[in-house]
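This document opens with one chain alone, in structure tokens, the form predicted alone.
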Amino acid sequence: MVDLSVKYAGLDLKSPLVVSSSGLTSSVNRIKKIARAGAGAVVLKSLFEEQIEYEIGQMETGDGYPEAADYLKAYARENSVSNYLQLIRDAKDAVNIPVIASVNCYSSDEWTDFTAKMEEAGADALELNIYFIANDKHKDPREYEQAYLNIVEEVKKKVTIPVIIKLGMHFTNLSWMAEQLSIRGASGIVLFNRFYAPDINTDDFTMGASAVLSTPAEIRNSLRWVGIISSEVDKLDIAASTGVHNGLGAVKQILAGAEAVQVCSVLYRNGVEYLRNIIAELKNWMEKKQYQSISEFKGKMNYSSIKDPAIYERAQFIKYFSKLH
């Protein structure tokens, strides 16, 4: 019988399948179903720094009452965090898989103090979903990168549980960023964050959101960098995210070097019970190839393990299209 257990960011998982932070992980009942379906861990729906700041900004008490305004803002902040801490406690009581807290953040402000409370509430690890658009033409690009490192440094001062960073793919040198995060104490990274993307309605000239859910084709966005970073950055575990819709998608990411695989969109489409199908397909592939454990094939196809690692570096289609004639 095959063994699907893995170690990811210092956590023991019964399977490499991790359900991403989303509405699927916002209630204890859903989290119970996820655990029963075979997930190795769950990342709770994020606590949004931006949302907290917005709610605080909506609290106006009128001129002349600064003490009241300060009190209401403090209450809004503490209330948002208190509800989140209760979700952590309830989830930990309800399931026997690792519960990873998630913070969606863009600064190293005072909110980092809340991360210590998440650890106290029982979170097994912390995933930092860091986001901002580098769109200021007057700002040195290094300042944006430094902001990521500053956030990790501040959080690491507050907690002892593993800290995982969910990255976007728009960095000049992802391998360098991964190495720097590892140096500053990150235990893992998630490749990649799926940011909100705008779209334009050409009929009524309104702005909206583009497709929210991923497709299987999007696995290409992370597969390259999982393969490269897993071979170049020591002591940093990787969870592959975006585009994994079946067991073979999970197999590909593990072959490229991922310790874990995050899934979300496919569960929105098919329900959390579909985790069982993904796990069954992973098991069937392992049995067919006569692998007894994940460790036997993890990284077998990463950058340093294949005969022609330049395949991971190739950026043009010239070689491919030259054969189509």
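Quick note: we count residues from 1 along the sequence shown, nothing fancier. Bear in mind the structure is a predicted one, so any value in this text is a computation, not a measurement.
One more form of this protein, predicted in complex with a small molecule, exists but is not displayed; see below.
Comparing 31 to 39, 272 to 280, 259 to 267, 287 to 295 against the small molecule in the predicted complex, the single stretch with non-hydrogen atoms within 4.5 angstroms of it is 259 to 267.
In the predicted complex, the small molecule sits within 4.5 Å of a heavy atom of G243. Proximity of S15 to the small molecule in the predicted complex: non-hydrogen atoms within 4.5 Å are absent; the residue sits far from the partner. Looking at N129, you'd find a heavy atom of it within 4.5 angstroms of the small molecule in the predicted complex. Residue contact check for Q180: none of its heavy atoms lie within 4.5 Å of the small molecule in the predicted complex. In terms of contact with the small molecule in the predicted complex, the residue from S187, S231, N221, S214 that brings a heavy atom within 4.5 Å is S214.
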